[in-house]
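Presented below, as structure tokens, is a lone chain in the form predicted on its own.
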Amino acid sequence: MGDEWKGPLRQVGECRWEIPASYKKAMRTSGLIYASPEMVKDILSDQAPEQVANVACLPGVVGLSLAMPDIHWGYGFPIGGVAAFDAEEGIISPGGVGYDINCGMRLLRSDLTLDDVAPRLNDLMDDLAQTVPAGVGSEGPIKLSRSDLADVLVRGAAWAAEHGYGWPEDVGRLEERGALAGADATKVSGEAKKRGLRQLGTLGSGNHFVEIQVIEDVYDLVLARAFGLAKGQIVVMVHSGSRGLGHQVCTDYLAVMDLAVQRYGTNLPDRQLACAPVRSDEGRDYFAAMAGAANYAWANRTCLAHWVREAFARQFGRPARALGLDVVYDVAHNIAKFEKHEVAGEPGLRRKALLCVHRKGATRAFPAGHPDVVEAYRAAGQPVLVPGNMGTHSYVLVGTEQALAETWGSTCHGAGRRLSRSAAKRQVRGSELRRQLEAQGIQVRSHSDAGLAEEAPLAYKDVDQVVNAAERAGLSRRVVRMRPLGVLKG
């Protein structure tokens, strides 16, 4: 993951650590990392803070270069990085979104309890393993035509729902209603489209999963009820993204941006931050392609949720609707979006400005009353879905006014890696990890023991610490906590 970082870092508030703008001559603003004191050692163990400082050097940056408590080293931007750029004068960077465009989370609730599921868990996990296409390069039963794929890239989750892979009401519970405006299928390369034709409705590999969980703790009864959640209830988390299509979009546009850096004479501290002015042809084209990949991801998670519903319906002998398998919410973790935010204007005054907000391994966390929160939750605030890692808890949080004021309405997205995949495999064998998890009562289905070892809980930060740090900083509040019962990995 890299050598220990030796740069300046000073505490400037509760769970707030500053990298001063004086650290590098090219820094246009300071960096700010949110973390508890006990988390700082892990954060300094790689070069992620250097990446925070590098992002602060980019043209048109507004506010601070930010990092959430689950920060770790990534491509260009750190994972856990958040930065906003002026929509007229700033830049857009594929490194600020990542290769797995709109890797994100979906949560399904149910009317089932632990007593209902426990006797059927083994059969249910077997059914999911047979139903959900998973693994490296996995292909699914959905065969898209070229025109179908073009529709998916523009319409996202709505396409899937209309073709029988979801319910019409699902769309109203998704970030951006499952389709980011501005997508243009013609800006997605032929190679990316080729990779996307057979992967809709597939889980993939790496840290992607389907996990059956039980709600163990409720921290806010009113908000839990607003989200349709209660103690003892069975829920299902789905974690996946835009698959090979999104990866190819990133690859394609990194090459485009390398040329754009030369064309516009942009000075970069790291080539991985290749970017283009937001309003340039290259910037517009990347956004249009990135939005298409994001919409593919929302359609993908819609189809994955459909396979989950089918498996539950078979095992319980009742329609999914009768089991109450409704979407709670769906959030993006890797995305760039145009949003209006208050920024500093004339001395003592603030103004509304259109910004291009990059969130890479971070979750949007808008508060109650925000017009961009879907109508179903506008009075409560936006749900934030934070997964653990197989043997650890997951959370539903809610966005806050403080996050809106400080982080462009952003908070953490998960536990965050502390060991590389190769280091994790050196410390635990997949077969042994499987036995450990099953000894804890967690049913595991995985296509690869090596892949299982790469995602071992020991490879990640403590998700409880991550969530607590975000809450202490005021970026989000806990609503419920879930314990894993069964996990399907790619």
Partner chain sequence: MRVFGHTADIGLAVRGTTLEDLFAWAAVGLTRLAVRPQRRPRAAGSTGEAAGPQALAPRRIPVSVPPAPDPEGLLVGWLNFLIYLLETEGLAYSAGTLRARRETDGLWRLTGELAARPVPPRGLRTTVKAATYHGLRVEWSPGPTPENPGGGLFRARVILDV
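Numbering follows the first chain given and starts at 1. Model, not experiment: these values are computed from the prediction.
Unshown form predicted together with the partner chain; subsequent notes refer to it.
K.L.:
Which one of 173, 393, 247, 306 is close to the partner chain in the predicted bound form, taking close to mean a heavy atom within 4.5 Å?
P.N.:
After the contact test, the surviving option is 247.
K.L.:
With the partner chain left out of view, which of 199, 110, 389, 213 would have a heavy atom within 4.5 Å of it in the predicted bound form?
P.N.:
In short, 199.
K.L.:
Please name which of the stretches 379-387, 161-169, 247-255, 335-343 has residues with heavy atoms lying within 4.5 Å of the partner chain in the predicted bound form.
P.N.:
Selected range: 247-255.
K.L.:
I have 205, 262 and 419 flagged as a candidate spot, so tell me whether each of them has a non-hydrogen atom within 4.5 Å of the partner chain in the predicted bound form.
P.N.:
Yes, the whole trio is in contact, each within 4.5 Å by some heavy atom.
K.L.:
Can residue 225 be called a contact residue for the partner chain in the predicted bound form at 4.5 Å between heavy atoms?
P.N.:
Taking the distances in the predicted bound form, the answer for residue 225 is no, it never comes within 4.5 Å of the partner chain.
K.L.:
Residue 137 versus the partner chain, in the predicted bound form: is there a non-hydrogen atom within 4.5 Å?
P.N.:
So residue 137 counts as contacting the partner chain.
K.L.:
Although the partner isn't part of this model, could you tell me whether residue 76 comes within 4.5 Å of the partner chain in the predicted bound form, counting any heavy atom of the residue?
P.N.:
Contact with the partner chain, yes.
K.L.:
Consider residue 271 of the chain shown here, and say whether it contacts the partner chain in the predicted bound form, taking contact as heavy atoms within 4.5 Å.
P.N.:
Although the partner chain is absent here, residue 271 would touch it in the predicted bound form, with heavy atoms inside 4.5 Å.
K.L.:
Taking the partner chain in the predicted bound form, which residues of 183-198 have any heavy atom within 4.5 Å of it?
P.N.:
Heavy-atom contacts to the partner chain in the predicted bound form: 191, 194, 195.
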